[in-house]
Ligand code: NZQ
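One chain follows as structure tokens, the form predicted on its own.
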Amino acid sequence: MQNFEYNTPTKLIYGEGVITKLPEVLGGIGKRVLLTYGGGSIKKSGLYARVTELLKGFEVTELSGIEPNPKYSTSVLEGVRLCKEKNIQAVLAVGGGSVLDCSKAIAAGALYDGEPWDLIIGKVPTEAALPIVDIITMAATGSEYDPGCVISRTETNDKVGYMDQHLYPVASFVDPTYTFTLPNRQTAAGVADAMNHIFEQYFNADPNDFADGMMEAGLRSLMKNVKIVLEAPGNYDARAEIFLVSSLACNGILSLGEKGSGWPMHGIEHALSAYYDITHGIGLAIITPRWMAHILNEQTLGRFVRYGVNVMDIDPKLPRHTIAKQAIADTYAFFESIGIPMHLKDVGIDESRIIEMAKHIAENEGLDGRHVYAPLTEADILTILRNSL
């Protein structure tokens, strides 16, 4: 059992209609609010109109057009500029994980006099951030309940994970009904993302039964309920359970006492979406079974056997190697069954930049260190990428 410290200061406000509490929450923080959102989906759904109605009496500045895989040189810097110019007191993110991730970087950059990128890459410590409140509209990243974000800088093909305790939202409004109208592809990609957050913690060198049990239950829940909502998008209970697992999947509570894994699949996928701007969850689903197959050996066999028996419901009486290989095959088949394209070529990635990406990942992600569950060299990464084509 590993030593740990755990604290989640975010208040989760969960359920249908909870948005009515928004003025009360923001009123305790300040009146000058930066409202951040992405494209037109929150306007089409009526959520934008509802939010602006609730914000009567507040001084609202808007930042729209935040992209998937949020961009530093456009959205983050513009948000920081607006916060400083308007003397913003709180950031309200309305949308999916990309909007919230961008808003976290904005909140920190707004209280820093230097180049905000230095905060994102850890060159200088984050000493403060504006309070963040969010209304999350997609179950995927878990950013509503964690202290992290991921920001892309397209001119350098960098996609960087930025973690700091100041980035926890003050409060997150989670209403599963906001996910009813999501296209199936986005729902599937969000579930793949949440599953991968659990995988990255589950495959570790010092597990314990309690943490493993929570993660296994989370994986089973996601796999069961995504099948339900793809057939019945308005099934509240299934949507709610997906959202609950997604919120918990990335804030550390599921793996307390377990050793870290280095998050290698995210390290690899960050390059894919930095270079090609693909959907993060889809990139993860493509990489996951290839990474699993690549690291399967005598040292990792036990983890795969447990996963195969407890999550994929494979007969424990089968030979151990058979269980492990079947578990990996079943993982691939599951992602394929929910409509995810399972080859890089299906999302516009060919051989042309594979070597360049493998080198970039090896140099920037540190996946060959002792902290990684199954260390990966540049050659390993290149093999995984080629096997994913």
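One-based numbering along the sequence shown. None of these values were measured; they are calculated from a predicted model.
The same protein also has a form predicted together with the ligand, omitted here; what follows describes it.
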### Candidate from 294, 153, 266, 259 lying within 4.5 Å of the ligand in the model of the complex - any heavy atom
266
### Heavy atom within 4.5 Å of the ligand in the model of the complex - residue from 92, 80, 271, 250
250
### Summary
Counting only non-hydrogen atoms, the one stretch of 228 to 236, 113 to 121, 97 to 105, 207 to 215 within 4.5 angstroms of the ligand in the model of the complex is 97 to 105
### Message
in the model of the complex, is there a heavy atom of the ligand that lies within 4.5 Å of any heavy atom of residue 240, even though the partner is absent here?
### Response
no
### Message
So in the model of the complex, is the ligand close enough to residue 193 to count as touching (4.5 Å, heavy atoms)?
### Response
yes
### Heavy atom of residue 173 within 4.5 Å of the ligand in the model of the complex
no
### Query
Quick one: does residue 131 come within 4.5 Å of the ligand in the model of the complex, counting heavy atoms only?
no
### Query
Though the partner is not shown here, which residues of 277 to 314 have a heavy atom within 4.5 Å of the ligand in the model of the complex?
280
